[in-house]
Every structure is written in C-alpha cells, then in structure tokens.
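Shown next as structure tokens: one chain only, the form predicted alone.
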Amino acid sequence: MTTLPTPFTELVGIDYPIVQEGMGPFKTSKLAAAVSEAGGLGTVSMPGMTTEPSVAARTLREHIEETASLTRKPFAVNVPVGRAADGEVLPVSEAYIRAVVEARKADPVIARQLRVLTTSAGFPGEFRDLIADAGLIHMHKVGSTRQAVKAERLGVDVVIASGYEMGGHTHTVPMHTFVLVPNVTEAVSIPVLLSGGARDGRTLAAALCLGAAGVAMGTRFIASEDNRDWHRATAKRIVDAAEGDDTIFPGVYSPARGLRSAGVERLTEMMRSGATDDELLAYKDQALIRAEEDGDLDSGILPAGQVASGIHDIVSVAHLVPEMAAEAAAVLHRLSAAAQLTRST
C-alpha cells in the first residue's frame, strides 16, 4: 500500500494527503465517511447559513454522529466564519463551532475521530482558543499569502491555500493556485494544502512539488458513487461540464464559482433589481440546496470548480483515494529517476 506520508498525514493520522473539502450548504456525512474509510480525510459540511442557530447546530450534530457511525477513521468538520456588516460573527457560525466542540465533549468515540475543524470565509480569531482547548487540529482556508501568515501567527495548525479556479466560495482578488501555493509555502512553516484544480495523482504530485503537504478537493468528490446525500444528477452534471461552463457569481461571503444555470441568472437579476442582503442570502442558500438535494440544476445553483471540465467519470472513493496516492508516488518516482539520470550523464 502506497501511503504517501507528508507532515499533514502525520499530524492528522491518515494514510493519504487527500482531503474532501467542506461542500455546504448541504449534507456530506456519507461522503465524509467514505473518504475517511479510504484513508483520506472526509469533511462534514455545514447544513446551511439561514437556519435558526439552535436548529442548525442540532442538524450539524446529527451529521457528525452519522459520520462517526459509518467510519472509525478520523474526520473533519467545516464551518464558514460569516460576519455581519458591522464585523460581528454571525450567530449561526458561532453555533456551528460550539456544536463541534460539544460533540467532542459529549462522546469519547467522537472525540477520537473528530480531529479537525476547518474554518473558512472570515478570520477565526475569536474562536482560536476555544478550538485549541477542545483538542482539535485547526485548519483555515486562505486566498492570499497575507491571510496565511496571519493564520499561522494566530496559531492555526494547517492552512488550505485555495486558488481562484476552485469551486464554491473563492476570493475577491484572483490568484491562480500555481502562483498562490508556492508563495504560501515559502511564507509559513505549518503544513499547506492545495485547493483548486486537483483531481488525480498527477495534480497531487504537482501540489507536492509546489511545496504543499496534500490537496483538498470538492468538485472531484461530487462526481463519486459515495456522494449519496446529494442528488445523482449533480454527479452527471460535473461529468458533462466543458471548459467555459463555470461562472463566478456573488456568494454568501465572497465571489463563488459554480456551473452556469438559470438560477445564477436569476441571482444576477435580483441584485440588479435591488434585493436586500437578507433576500439574496436566503435565495442563494435555497438555490444551492435545490441543486444538491433535489437535483434541480436549472433553477438551482451547483458550486463547482474549473476542474469539472477535466472530470469524465463517476468514481468509487474507495478506489480513487489510494489510486491518486499511487499515481502521485509513481510520478514523483519517475521525476526523481529522470533527475538522477540527468546528473549521472
């Protein structure tokens, strides 16, 4: 078995440096368990940002418990740190973070498995002590070197450097993954994961060559047999996507990338007609869930990265994860052998 150890796998206690990204606002419990069972790190996604906080926290707790019942391996939870116009953390974001901490406190089995909390969107400064005191490994997603350095100074354990081509929430300032990741790995001493454009062993090898300690993927895992909480039509839509089928639209916290649809066009119309922030937030949450839960890919919005254009099959996670690692190891071995041959001639 090719485990492909890196500082990230050693920190988290997994076989392969492959992470399933947070893919909210909907459920990924079964997918998270499958990725963890395959030797990667699965992630439980937050179920939505417009639900009443106490209800949202209970739903997330149910998803955590379901994932823990399906695997004995480590897994993560992703929580976006949303903020109001005045800079205050949204109550639902705080409720989600506290739900993760309480789940670990309440159940020793969950405490052994739920090892990582990933924060994204806003800066997680107010919650760093709470996360650390709970014994959680803290990952934070960034879109710039400045954000990565700030996260490391805060005490974050791992950063996910996400390029502009990624699916879901991206960044206001476009930075391509192949520019951002080397910049970040040179600037921080903690493990860095690449997010944006990864889909196979070649791209995992490329990430490692750029200095990353692994990859985090969302779009590739949409098109999998194990994404059983999502409607089957979402996987087929990823496989059918061509170059240019993706588009940027206003997300909940920042620009977001998804596949073109009438739902995206409707969102643009609402903004032009002067819809309020609350109306836009409710529409986006509902449109994303319509696509993911019901398979409504016309009036809904399916988040996906540009990498969708290079995904042509619906895979088994149990095969994908170890095969990615084996292919990456083979690529790196060929490169090393070629380099040795060059030096000897």
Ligand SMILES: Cc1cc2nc3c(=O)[nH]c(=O)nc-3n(C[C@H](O)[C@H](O)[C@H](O)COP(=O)(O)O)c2cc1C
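No experiment lies behind these values; they were computed from the predicted model shown. So that there is no doubt, residue numbering starts at 1 and follows the sequence shown.
Just so it is clear, the following notes concern the form predicted together with the named molecule, a form of the same protein that is not shown.
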Would you please decide whether His140 lies within 4.5 angstroms of the named molecule in the predicted complex, comparing each non-hydrogen atom pair? no
With heavy atoms only and a cut-off of 4.5 Å, decide whether Met166 touches the named molecule in the predicted complex. yes
Check whether Ile14 has any heavy atom within 4.5 Å of a heavy atom of the named molecule in the predicted complex, and answer yes or no. no
Under a 4.5 Å heavy atom criterion, is Pro303 part of the interface with the named molecule in the predicted complex? yes
Which residue, Ala207, Val192, Met217, Ala76, has a heavy atom that falls within 4.5 Å of the named molecule in the predicted complex? Met217
Among 94-102, 260-268, 77-85, 241-249, the stretch whose residues bring a heavy atom within 4.5 Å of the named molecule in the predicted complex is 77-85
